[in-house]
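To begin, one chain is listed below as structure tokens, in the form predicted on its own.
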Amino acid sequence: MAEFSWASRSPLEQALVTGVHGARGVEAGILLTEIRNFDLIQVMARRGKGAELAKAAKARFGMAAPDTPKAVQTKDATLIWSGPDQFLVLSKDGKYAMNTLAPAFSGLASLSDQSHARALISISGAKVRTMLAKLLSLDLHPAVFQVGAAAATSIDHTSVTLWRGADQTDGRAVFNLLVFATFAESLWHTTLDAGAEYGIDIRYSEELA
């Protein structure tokens, strides 16, 4: 009889090799980090329940969920717009898992646990916008794509959810990508190819960016 393991594994476990990739002898222009072991819940309003869901979300999180392409930071979660009357809840340590969110949105929304269906990648560094310009048709200029801006877009025909997180302490921008797990390895290699000329510092972390 075949044996199965239900232990959670990163979709990038085979592809991610920590250390420096690409150009050597210079400070890496890209910091590429996979974030592991997070909770991600998709919340979608039921028909005609958008306004009620918005009120319930504000009561649950202490601030309104985004109704335009934005990501907002609460005390212990990130709420990311993912379409009309829907958003993603990104958190850690089970604070906003299915069993904790379901009672708050009962009858108002359909919830879907995406925690193991998506990979989360954080990208920063001095050359981050230059590299992303090879992959995206979005204008990422800081005056246009400000902290908290979000988009449902694609990279190399792969659908992603992109948002700009809080800047690093040195003022450099941080961009976050959510991609379906089945496409994560392909996207990872595409990103490595795009950033190789700048040097890439590759890491993984269990801390949300």
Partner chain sequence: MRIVCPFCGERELGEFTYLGDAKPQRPAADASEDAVYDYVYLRDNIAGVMSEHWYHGGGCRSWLKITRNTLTHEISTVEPAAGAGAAKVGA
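Residue numbers count along the first chain shown, from 1. Predicted, not measured: the structure shown is a model, and the values here were computed from it.
Separately, the form predicted in complex with the partner chain exists; it is not shown, and the next lines address it.
Q86 belongs to the set of residues with a heavy atom inside 4.5 Å of the partner chain in the model of the complex. When contacts are judged by a 4.5 Å heavy atom cut-off, S154 counts as touching the partner chain in the model of the complex. The partner chain is not drawn, but in the model of the complex it has a heavy atom within 4.5 Å of W81.
In the model of the complex, at least one heavy atom of S159 sits within 4.5 Å of the partner chain. Proximity of K55, T169 and N176 to the partner chain in the model of the complex is absent: no residue of the three has a non-hydrogen atom within 4.5 angstroms. In the model of the complex, G48, K49, G50 are the residues of 48-63 with at least one heavy atom within 4.5 Å of the partner chain, listed from first to last.
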